[in-house]
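First comes one chain, alone, set out as structure tokens in the form predicted alone.
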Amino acid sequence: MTAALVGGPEGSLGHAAALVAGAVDRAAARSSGPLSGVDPEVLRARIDALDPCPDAGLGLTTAIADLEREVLDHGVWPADPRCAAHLHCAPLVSAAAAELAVGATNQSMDSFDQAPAATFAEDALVRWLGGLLGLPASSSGVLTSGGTASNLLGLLLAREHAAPCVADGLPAEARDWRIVTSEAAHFSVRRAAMLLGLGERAVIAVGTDARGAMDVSALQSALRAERVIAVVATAGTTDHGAIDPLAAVASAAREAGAWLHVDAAVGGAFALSDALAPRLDGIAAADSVTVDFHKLWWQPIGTSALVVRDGAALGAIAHHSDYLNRSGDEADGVLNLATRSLDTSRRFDALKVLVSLRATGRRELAAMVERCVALASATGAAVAAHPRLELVAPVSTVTVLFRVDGDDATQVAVQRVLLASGSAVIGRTRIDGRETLKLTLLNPHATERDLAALLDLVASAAVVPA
């Protein structure tokens, strides 16, 4: 038996890591744009031709070379300035390198005896994040796979805060429970309501202002009219990048006795910056907060956090098993993170975050966030000044909403033509019923000249479809 295991006497992780790193570096060097533009059907056929598990192993060198040629060469490169469609970042090199240690050591974050130091490392990271957001010393949390999972956990805690549902299921009055958020909130709020047995109709979406931020007067009206168990504010909406008026929302939620969850998957990184942190004023009043490290913290997917104001609230989801996280462990001072998480086996993603944050430092990370915000502002101004482009909404954070000359079909055609050719990856959404193009700027190394060239590329691609 020749297959090597990490940590075993026959293992050679350094050699294998060098092969992988070389493949990535070569693929990146060969790229001439954000993606190759190879026809999808051709790409599918080439990948389908690769046997996922041949009877006889090919060896690592051949296996990596095949995937380098057929997969890595045809991926998307978020570090290219023309890749600006989604909240999809190029990771820090330090974080990507630390991923090797995450996979190689394979700590399982459900019980202390599978990940002793790792358990304390994750716990320290989420407590630090709570402090950064202004939450009290009682705050705690857990890492999740993404903002959708974090929002689900936050709203599960809100539901349990309204009435514990573990033993007998939802109480009869739950049919009248409502969750209020803005019409610009992430779709995961509705999905969470459905998964939690409340139904999507339990979500009341109130209106927004011109920037896409929640209308507080509409929120107050909903709070007066309904039995609201939770208010979900957003710090960085997906389309507008808007930050709801968190202090006013928090005040209204507190007066109504509702749990306040802040989806700061995007805007949570503003807490790193002395200049941008005031835009999160009011977030310290939240009962739970979502922060995605794989957005404006430049971490590999997927690393999100759910931080709660009072760590005791996580007890609502605690379940014990005799073979894993025994009921007496807490009394003995043993910390098993399975009691906080909706997952059991879970990666030690805190490692890559801690390595890269410590390597980079808060000042540099803050400068990177500030640079992206400044780039978005400058790009919005360039759109407004461009003879063939229309700025659809004011720029709030890192997204720019705009249209090119032409009807809705033209907007669709532009986005598709640029993607198919490999020239650019830009976003497309609907704002006020109109097809709208979108740039999401998460590359602090991009320049104003890069973005001006991208806008010209978009304008030149505007053709009326036959």
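Source: prediction; values computed, not measured. Numbering starts at 1 and follows the sequence shown.
Below: the form predicted in complex with a small molecule, not depicted.
K.L.:
Give a yes or no for Gly146: in the predicted complex, does one of its heavy atoms lie within 4.5 Å of a heavy atom belonging to the small molecule?
P.N.:
Looking in the predicted complex, residue contacts with the small molecule include Gly146, since a heavy atom lies within 4.5 Å.
K.L.:
Going by a heavy atom distance of 4.5 Å, is Ser288 a contact of the small molecule in the predicted complex?
P.N.:
The answer is no: Ser288 has no heavy atom within 4.5 Å of the small molecule.
K.L.:
Answer with yes or no whether Arg309 is in contact with the small molecule in the predicted complex, where contact means some heavy atom within 4.5 Å.
P.N.:
Output for Arg309 is no: heavy atoms all beyond 4.5 Å of the small molecule.
K.L.:
Answer with yes or no whether Ile179 is in contact with the small molecule in the predicted complex, where contact means some heavy atom within 4.5 Å.
P.N.:
It does not: once the small molecule is placed as it appears in the predicted complex, Ile179 has no heavy atom within 4.5 Å of it.
K.L.:
Given the stretches 291-299, 132-140, 268-276, 384-392, which is the single one in contact with the small molecule in the predicted complex, using a heavy atom cutoff of 4.5 Å?
P.N.:
Of the options given, it is 291-299.
K.L.:
Pick from Asn151, Ser356, Ser111, Ser396: which residue has any heavy atom within 4.5 angstroms of the small molecule in the predicted complex?
P.N.:
Result of the distance check: Asn151.
K.L.:
Check each of Ile204, Leu87, Ala248, Ala96 and return the one that places a heavy atom within 4.5 angstroms of the small molecule in the predicted complex.
P.N.:
Result of the distance check: Leu87.
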